[in-house]
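Next up is one chain by itself, shown in structure tokens, the form predicted on its own.
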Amino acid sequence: MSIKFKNALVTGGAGFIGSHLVDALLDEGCAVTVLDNLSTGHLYNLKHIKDSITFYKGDIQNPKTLMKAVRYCDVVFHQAAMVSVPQTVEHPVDSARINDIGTLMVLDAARKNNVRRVILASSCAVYGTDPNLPKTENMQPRPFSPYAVQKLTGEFYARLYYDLYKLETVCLRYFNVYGPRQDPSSPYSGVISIFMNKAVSQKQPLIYGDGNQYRDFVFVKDAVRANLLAATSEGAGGGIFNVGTGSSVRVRQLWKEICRMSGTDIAPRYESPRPGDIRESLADISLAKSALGFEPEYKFEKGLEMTYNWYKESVKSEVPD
């Protein structure tokens, strides 16, 4: 892919998706600045490229640090957020400061620094309890958690800045992104990272609900490519696009597949569903395909194998936090 910009900022660039995005931008010859407060991100994710980037340890809610990081950037990829649905249920006000006000501050800093385009990480959580599948971008949102409301609010702010200030914005509604570097240490991490960690450690996993709930799992490198396409595609400004695969896997079946891959046979433990969790999720990606040229390149089995190999190696090398 040939990108059309020279300087980019990635907020949350030491995190899971953010660090992969930094890698891809550097591969394209882009000068990259990273802003991360390291509350959930890890410097280890950037260790291999630390001399090739400009890194600011700081918060998106700090105006001075944010303005310094945005300066001279053509494109901003806003990945920083409190991404845990249960955490936002437990701490709705604190999470709103990060996800609502923090996003607004990023947009305003971009406006004041004449940034060409801002790509915002949104979420399929905005669809909430709507039972219709697959999810299309023109559905009426039914947010079921503070996290979903906050991501939807970010989308509204993005559209406002596009209409009012002529700042080009693109919102990407991630479905369930997985892959290497996803931190399994928190109970709020993605289910694949937690399952991987349990498998390589030969420990029993916990499934919330009956395990028949299903998700649209998209490999992190595909999510990154969607970001690059969103940053370069003509006419994408002001748009909202699903980032998924258009296929789904049940959580119970996911564990069986990981067991097969790892050679283990441990029965999971089940508990009641968590507040705010969505039972069924499946993306319609036809709009992203037509407007951005996005199509997932990684089959689920291939992505899962690459992810498992990374977790197996990280346990051997005892990757530090």
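Position 1 is the first residue in the sequence shown; the rest follow in order. This one's a predicted model, so the numbers in the text were calculated from it and none came from an experiment.
Below, we refer to the form predicted in complex with ligand NAD, which is not included among the displayed structures.
- Stretch-level contact check against ligand NAD in the model of the complex with heavy atoms at 4.5 Å: of 285 to 293, 40 to 48, 23 to 31, 257 to 265, the positive one is 40 to 48.
- Taking the partner from the other structure, ligand NAD in the model of the complex has a heavy atom within 4.5 Å of a heavy atom of F16.
- Not displayed here, ligand NAD is approached by A80 to within 4.5 Å at the level of heavy atoms in the model of the complex.
- In the model of the complex, at least one heavy atom of Q61 sits within 4.5 Å of a heavy atom of ligand NAD.
- Ligand NAD in the model of the complex is approached by V177, whose closest heavy atom lies within 4.5 angstroms of it.
- A121 is the sole member of C73, A109, A231, A121 with a non-hydrogen atom within 4.5 Å of ligand NAD in the model of the complex.
- Residues from 123 to 154 that approach ligand NAD in the model of the complex with a non-hydrogen atom closer than or equal to 4.5 Å are S123, Y147, K151, in the order they occur in the chain.
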